[in-house]
Each structure stands twice: as structure tokens, then as C-alpha cells.
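Provided below as C-alpha cells are two forms of one protein chain, presented individually as structure 1 and structure 2.
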Structure 1
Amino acid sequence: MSDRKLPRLLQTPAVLLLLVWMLIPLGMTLYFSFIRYVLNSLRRPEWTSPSLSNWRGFGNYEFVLKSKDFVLAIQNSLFIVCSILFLTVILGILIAVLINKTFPGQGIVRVLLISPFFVMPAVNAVLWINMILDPVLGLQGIAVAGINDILDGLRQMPLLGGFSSLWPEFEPISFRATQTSAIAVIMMVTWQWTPFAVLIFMTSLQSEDQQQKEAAILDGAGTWSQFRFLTLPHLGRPIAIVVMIQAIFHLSLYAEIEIVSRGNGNKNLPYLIGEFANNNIGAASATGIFAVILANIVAIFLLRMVGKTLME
């Protein structure tokens, strides 16, 4: 047996297992998306079992496309993912550059920065929406109440009272509302995933060529010029990898949306699948296929971006 065939033969069981692991769920989802499969149908009991006689063709896809929440779910999915990616990359770069310098307690700071990444998504959502963003008992409500108390005190002062009266009384924001629940999800997921970006960028900064920076300093380059022309190009590949990995995970967000708003005006595709799956498995499967298509479109775009970055 040739040296080339032996490694392929040893890899065959793992590859076959991986194919079965992926193809069977995908095949079942495709099959369910083309039939009428309703868990609780008193009018048509035959629809409660996945039978080929309940063939519907593209009817489930048409039903999902006409659903009032489908376009909202796609828009919300892209808005949440793009916002999280933008914030985590920007914050990750800034924090990584900041803590890359030697200072007392550097090891403890690094551990504390990475620790949010290990918090479970459901715990993270409960922590943020109840203890931080709650308009009454959370840190937001306490901070707003404290600011209003200070303004009330200033209004009673003889000299500053007239000036302070121009300031309106602040109202806390309800992040469970339709307009702001997506922002709450973006904040809590950004807090949890920024340490991942920091870890990748910090590791990459350890391998940055210091001789180039020393030469740039001798040539009179300032801090911003060093960052723009040396550090940022060096972080090009890590940025592309962080964007690709996070996009895959954030397209499947569910726990945060469920805990924050129960999907009230803040649905994404995974949440819409969960709603349909309560009864209409056919529609849920069709939505799942749409989610796979969207994920592949995003993945192709990101892979092209990563490939271009790696080739530079």
C-alpha cells in the first residue's frame, strides 16, 4: 500500500461518520420541509405523522415567505450579527493593544478579561437584563435615579438652580421593549464575545515584528502611524478569522432573545424556527433551510474575505 493511500484509508471512518452526522439531519429537514407535518391538527389527523402521502411541495416555503415575521427575522439576524462583529472587533483591538504592554498585575487583568467568555449564554442574558439593564432594580435604574437626585439637589441651590432647571428628568430605558430589545442582545453578546477577540488579537500581537516598530520610531513615526501601518496590517488575518468564527455562532442566537423579549419584535431565524416547531414542523423545516442558505451565503462571503486576507 502506497504512502498516500494509507493516510486516506485511516481518515475514511472519521469522514464517513462526519458525513452521516451532517447529512441525516439535513436530509430529514429537507423531507419535512416538503410535507404537511403538524403536531396538533384536529381537523386533519393524518398530518400529525410525517408521511409521504402528505406531500406539499413548496407550500411550506411559500407559507414561510408570506409570514409577517420572516423578513423581520432576516433583517434582525443580519443587524444583530453585523453590530456584534463591528463592536467586538473594535473593542477587541483596543483592549488587546492596551494590555499588550507590561504593567503590574498583567496576568490577573488578562484572566479577568477572558472570564466573560466562559459564562453560559442563558446566564449572561439573565444577568444583563435583570441586574444591569432593568429600569427599576438594575444598575441602569439605580444610576438614572441617582442622576435625577443630583439634579433635584442642584435645582434647589440659589445660584445653580436656574441653570439646572434646564435639564430634564431622565427616564430609564426599558430594554424589553420592541425598539430596544435588539440593542440589549447586542450589548450582552458583545460583552461575552469581546474576550474571545481580545485573546486572538493579544496572541497575534505577541508575534509582531518589534524591529519594524523600532525602525519606525527612529524614522519619527508617531503612535497612530505605528498602529495604522504596522499593527493593523499585522492583525489582518486574526480579524478575518474572528469575524468568520463569530458570524457562524451569532447567526444561531436564541437564548438571549428568548430571555430578553420572548421574540416581541426581536425575532431572528432560529427564534422563528422555534415558534414554528411548536406545532408546524413543515414550516419550521422550511425556515431551517432558509437559515442554512443564509448561513452559507454569509460563510461564502467570509471565506472569500479570509482567503483574500491570507493571500496578501
Structure 2
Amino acid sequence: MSDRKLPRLLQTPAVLLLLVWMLIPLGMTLYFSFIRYVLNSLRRPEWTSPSLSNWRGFGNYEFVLKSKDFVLAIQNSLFIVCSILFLTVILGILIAVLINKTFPGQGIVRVLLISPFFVMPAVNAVLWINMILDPVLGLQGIAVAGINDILDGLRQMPLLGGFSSLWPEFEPISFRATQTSAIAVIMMVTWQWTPFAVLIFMTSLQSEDQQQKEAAILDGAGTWSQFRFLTLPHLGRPIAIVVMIQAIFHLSLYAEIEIVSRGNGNKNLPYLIGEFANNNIGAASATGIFAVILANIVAIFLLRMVGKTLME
């Protein structure tokens, strides 16, 4: 076989598989987004199977854009993703710089730190919302009850008790509620993904130019200016990559939201799609197309970054 044909042949299975995987479901989503298609309808049974005769044009898109939940879901998606990105990048840099120098037990600390990243998302969410954040039986509830007991004791004391207005009663927070469930999701995902940021920043710090650093120290640069003018610029690229990879993953966050609150007041785009898909497949598909567009905006930037280093 000739030298040119064979390489192509070896790639063909992979390319074909991915092509089918991309085109067929996405094509169907696109098709469903332009027709009336519901799972149950007593009034219009003809809508319950996909057919071109139920063409709706951009009707599904209009319906989705007009629904109040859509704006909410976009806002919430962005709020959750941005909060997680902000926290993981800041924490990641701080921790990476902290543990990058040798100290006793560095290897063990690394292992402890990276562990959360390998916990499956379903376990992560169940563990946090029940065992840790539950307002009564979780650690949060137990801690708040303990603090209140101590404050109660202070109130009973002969002299200090007189200042009873100083000893407030604390209320545990329910993280399954509408306003707080997004916070719980942000907490658990930040816990899981900070290790990822730390790992990448550490890898990058190890390739930092040490001679340049020594020269800066000789010139009398303090710790802060070394960090500000040498380390931070060196981390620019890894930061961009951490931000974009996480954005891709977190835009499709689902398990955590489902487990924490069943989307109670805290829907993101994938969750809204799931809700529409309970009956209105047309609207779910139109929302899906919006999600694809949103992901692509992020993806273009990421691909450009990665593409630059490719083939080097």
C-alpha cells in the first residue's frame, strides 16, 4: 500500500465515528427545533411524532426567548460559571505558589490536594448537600447548634450575661432553598476544580525561568514585585487555559444542580433544556441550539489558544 493512503486509512475510523456523533444528533436537534414536537398532547395528537408537516419556523425560538425562565437560566449559568472561575483561579494561584517550594511532606500535601478532583460529581453533590451543608444533621447544623450552645452559656453567666444583646442566636442556612442553592453548587464545584487549577499552575511554575528570578532578587526586587512582574505574566497562558476548559465543563453543569435543588429557582441552561424536554421537545431543542452557540463562543477562543502550540 502506498505511503500516502495508509495514514488516511488509519485515521478513518476515528474521523467517521466523530463525524457521525457530531452530525446526526446535532442535525436532529436542529430539525426538532423548527417543528412542533411534544411528547403528550390530547388536543393535537399529530404533534407527538416528528414530522415536517408540523413546521413551526422560528416559533420555538421565539417561545424560548419570551419565556421568563430563559433569561433566568442564562443569568444563572453565567453567575455560577463566573463565580467558580474567579474562585478557582485565585485559590489556584495562591495555593500553587504556596506549595511550589520544597517543604516537609510536600508530596503528601499534593496528594491530599488533588484528591477532590477524582470524586465523581454525583458523590460530590450528595456528600456536600447532606453530610456537610444540611442545616440540621450536617456539619453546618451541628456547628451552628454548638455555637448557639456556647452563646447560651455566656448569657447565663453572672456578669457577662447582662450584655445579652451581645450574644445573638445564629440561624443555620438551608442550601436547598431558592436563593442559596446556587451558592452550594458554587462551593462544591470550586472544591472539586481548585485542585485542577493548582495542578496546572504548579506544572507551569516549574518551567519558570529561575535565572531571571535570581537576577531580579539581586536587583533588590521584593517578593511581591517578583510575583507581580515575573510569575504572574508567566502564568498568563495557563490562566487562560484553566478559564476556558472550566467554562466548557461548567456551562454544562447538571448533576450538582439536580441533586442540590432539582433546579428549584436555580436553573442553568442544561437544566432548562431538561425541563422543556419533559414534554416540549421543540422548545428543548431550540434551547439546545442556544447552548451550542454559547459553548461555541467560548470554544473559538480556546481552540485558537491551543492551536498556536500545536505542531511546535
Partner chain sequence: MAIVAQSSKFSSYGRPVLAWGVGLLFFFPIFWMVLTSFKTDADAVKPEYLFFFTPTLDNYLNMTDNYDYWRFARNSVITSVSATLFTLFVSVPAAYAMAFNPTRATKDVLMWMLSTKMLPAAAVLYPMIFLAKGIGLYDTHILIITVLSLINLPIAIWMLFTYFKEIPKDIIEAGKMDGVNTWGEIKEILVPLAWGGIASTALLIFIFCWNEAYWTVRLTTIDAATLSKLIEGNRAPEGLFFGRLSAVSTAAVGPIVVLGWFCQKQLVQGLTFGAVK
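Remember, predicted model here, so these are calculated numbers, not experimental data. Take the two forms, find the largest set of C-alpha atoms that superpose within 1.5 Å, and that set is the rigid core. Every residue number counts along structure 1's sequence, beginning with 1.
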Practice prompt. Go through 1 and 2 and tell me the one that is the form predicted in complex with the partner chain.
Written response: 2
Worksheet item: 2 Å or more on the CA of Ile289 between the two structures, with the rigid core superposed, yes or no?
Response: no
Worksheet item: Gln11: how far does its C-alpha move between the two structures, core aligned, in angstrom?
Response: 4.9
Item to complete: Give the C-alpha shift of Ala299 between the two structures, in Å, after superposing the two forms on their rigid core.
Response: 3.5
